[in-house]
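First, one chain by itself in structure tokens, the form predicted alone.
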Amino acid sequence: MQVQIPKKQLSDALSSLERVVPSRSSNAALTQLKVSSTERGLALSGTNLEIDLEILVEAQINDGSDFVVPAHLFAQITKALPGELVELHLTGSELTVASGGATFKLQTGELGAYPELSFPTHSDLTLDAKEFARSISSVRYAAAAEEFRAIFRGVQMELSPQRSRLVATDGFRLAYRDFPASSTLEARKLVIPARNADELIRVLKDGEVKLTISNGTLSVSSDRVRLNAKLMDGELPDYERVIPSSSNVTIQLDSAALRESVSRVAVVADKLSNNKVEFIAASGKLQLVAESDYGRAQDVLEVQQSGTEPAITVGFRAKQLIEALGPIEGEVTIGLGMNSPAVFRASNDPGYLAIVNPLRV
């Protein structure tokens, strides 16, 4: 087998697979990468038994064949190559990798020992890949990080003829985003482990993506990528009941200006008191205050203000504020309550909502 392939495309594909394929495993076959010849180029695939990933890379192939190689070593070699074009030459069980003046020789693994990966040939619905990735990314930050948090470590996808939504919560904050999808499936909820959601965000690019749901697995397919992601058992508790229906004070302002202001005053926030930043809303102005034993910072922003109270003071964790504001472009509308979570809405995007629990002031 002889192959010529652009180094950048090969390296990009291997970088994605490196995050999936384990560098060490009691099953040595799982540390391998399978390379298959197709009419469209090379199909590179790997698995950790939670995620199966296959990426197609355009290549010029003469006398194609399939083989397996150590995934991480192959990726490191490719990154180190000096040229822009990579040549692969398979002779028996030896793979020659050459580019520029550099040449490497790798021993291939046992092809028969590699686990057979299977991807669906049908789809349940079709989405815009970029919009789907953007929707997952908009809520992923709100998922819990701790292993013991079980179902809260996932991103829930809700599909029905009326609404399609992605939602995540760690019990202290919540984010959801409605996204366009014409589903003819019966209403269902499925929870994608946050780490699997991260891979979806990374590999979904332009064009359309097809989704298939079966046997506890979400399968995603595009022109260049196929991915199977294991799903979690169960579903999130009824999160809508914790979203306040009204607020004492509502403010509206530019989201980028607010993010910058929070980041600015948080420099002196006390790390031992949750990196707290106070919001003091009154008379059409929002004052942000942070302090610690080392100093005090404040910033004032002009806002549009309404509500049943003339003024309100609420404290938040700076990091949670910045993450809730991250997906919002343009203006943000924030509902503040005396003893209730703050509600963040994108003024120009009604599909996104985030809630953040306040700290004691």
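Throughout, we count residues from 1 along the sequence that is shown. So that the term is clear: the rigid core is the largest set of C-alpha atoms that superpose within 1.5 Å between two forms. In this text, all values refer to a predicted model and were calculated from it rather than measured experimentally.
Heads up, the form predicted together with a further copy of the same chain isn't pictured, but that's what we're talking about next.
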item	value
Segment that reaches a further copy of the same chain in the model of the complex - one of 212-220, 240-248, 101-109, 225-233, heavy atoms within 4.5 Å	101-109
is_contact(Ala145, a further copy of the same chain) in the model of the complex, heavy atom dist at most 4.5 Å	no
Distance check, Ile322 to a further copy of the same chain in the model of the complex, heavy atom within 4.5 Å	no
Close approach of Val300 to a further copy of the same chain in the model of the complex, 4.5 Å, heavy atom	yes
4.5 Å heavy atom contact, Pro310 to a further copy of the same chain in the model of the complex	no
Listed residue (Leu90, Ile136, Ile77, Leu204) with a non-hydrogen atom within 4.5 angstroms of a further copy of the same chain in the model of the complex	Ile77
Single option in Ile192, Leu127, Leu200, Val265 placed near a further copy of the same chain in the model of the complex, where near means a heavy atom within 4.5 Å	Val265
C-alpha of Ser118 moved at least 2 Å between the shown form and the other one on rigid core	no
Post core alignment: Thr103 C-alpha displaced by 2 Å or more between the shown form and the other one	yes
